[in-house]
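Form predicted alone, single chain, as structure tokens, below.
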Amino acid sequence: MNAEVRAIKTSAEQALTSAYEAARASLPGKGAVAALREEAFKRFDAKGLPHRRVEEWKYTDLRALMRDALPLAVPPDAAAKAKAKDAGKIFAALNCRRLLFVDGAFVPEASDLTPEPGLTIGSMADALAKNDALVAAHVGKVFETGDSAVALNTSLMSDGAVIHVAAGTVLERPIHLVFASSETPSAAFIRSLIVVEKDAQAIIAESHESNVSQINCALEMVIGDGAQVDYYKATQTRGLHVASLLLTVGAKAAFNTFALNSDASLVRNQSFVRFAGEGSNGGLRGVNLLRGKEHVDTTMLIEHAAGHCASREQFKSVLDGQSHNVFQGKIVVKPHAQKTDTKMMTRALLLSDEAEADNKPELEIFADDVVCGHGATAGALDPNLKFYLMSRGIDDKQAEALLIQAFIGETVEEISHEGFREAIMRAALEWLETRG
């Protein structure tokens, strides 16, 4: 006799099920979109919130960390929109095209929708409702992950950005997606799609600021043959933030990403990247600045499915107090991806005996003509270097700040765009100035 084993749902999982059942009739999109939602929710319902027995979520037990599920966000009122107009300060000094979202909803009246040849910008909610061809072709199809957080996002996705850069277009200005939240505790499920066609060039920036919200956002990005894309993400949130990047890269394309996490209570940034065409180059980099009991998890799966591609992954983390940093990076080289050149490195700087850094880089190589490597380090500030600075009249706090700045500067300096490089370093210096 075989006993049937059923997982007991937590209160958060029960609330999410109730939220989906109550909202699915009013969520944007019918027909194929509704079927996509239903299938995704079935996958989530079978797995539940990710937990420590799921290897990819071993260090970020979302089932335990997410005790309750907040109610779904409602359209923001005029006061919330007005307050959010100052959001996204980290990149405010740059000449960007600014698109504002409040509680996950697009705010067109506070966004720069000035026409530009070769560029189309829209709302994901509108695109889903109209069964837009671009969305129908890509949403839910860019990278199949099997991840339950992505499945939950698909089932409850409400709004986000839809950006299409036509072939051969070189955007005049970077596009800055600004995500802000109101003071009302709520849960937002944001889905965005960015398609950059053949030989086009674009710079995309994304900033998240929230207080008590629960955010589950997913960005699907398709980079065509010969295209060039830089993508910057800054997360400064006091709530729960789970973000998924699902990216495919065509032949002879180039992309670079950089993520900054500072003053962020609980963040999980997961990236799923596939090199689908030969001769492409990519870089994924980031800096995490943690203190108190903050928790930041950077998890990525890099799949080299075509030959003659190169990728670099480099992440630096500074941990103070009882903070916890997680890095999980897995590079998979498929059998036909010969001449792959990839290197992954993560370094953690521990400023406190109570801080914790978990690093798990991995390689899975199924080709025999490749150059692949990975490494991980964790340690404290060099006391000799600190003593040298203090012997020159620099006080204790300033000496530590200079050493930390030099530590993260190696990664920040890899940013090719001067404006974004300066903006991210300025944010890092502000964090250092407020460090106790």
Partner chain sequence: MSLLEIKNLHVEVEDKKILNGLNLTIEKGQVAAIMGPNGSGKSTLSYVLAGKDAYNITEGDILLDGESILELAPDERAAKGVFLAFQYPVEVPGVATMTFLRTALNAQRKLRGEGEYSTPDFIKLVRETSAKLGVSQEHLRRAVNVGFSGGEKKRNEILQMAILQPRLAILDETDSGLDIDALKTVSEGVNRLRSPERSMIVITHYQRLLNYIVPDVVHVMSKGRVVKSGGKELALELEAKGYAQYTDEAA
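Positions refer to the first chain, counted from 1. Keep in mind the model is a prediction, meaning the values are calculated, not measured.
What comes next is about the form predicted together with its partner chain, which does not appear here.
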| Is Leu389 close enough to touch its partner chain in the model of the complex, meaning at least one heavy atom pair within 4.5 Å? | yes
| query | in the model of the complex, does Asn384 have a heavy atom within 4.5 Å of its partner chain? | reply | yes
| field | Distance check, Asp395 to its partner chain in the model of the complex, heavy atom within 4.5 Å | value | yes
| request: Find out whether any non-hydrogen atom of Ala35 is located within 4.5 angstroms of its partner chain in the model of the complex, and reply yes or no. | output: no
| remark: Students should find that, of Leu403, Leu27, Val54, Ala69, the residue having a non-hydrogen atom no more than 4.5 angstroms from its partner chain in the model of the complex is Leu403
| Contact segment among 60-68, 27-35, 403-411, 45-53, judged by heavy atoms lying within 4.5 Å of its partner chain in the model of the complex | 403-411
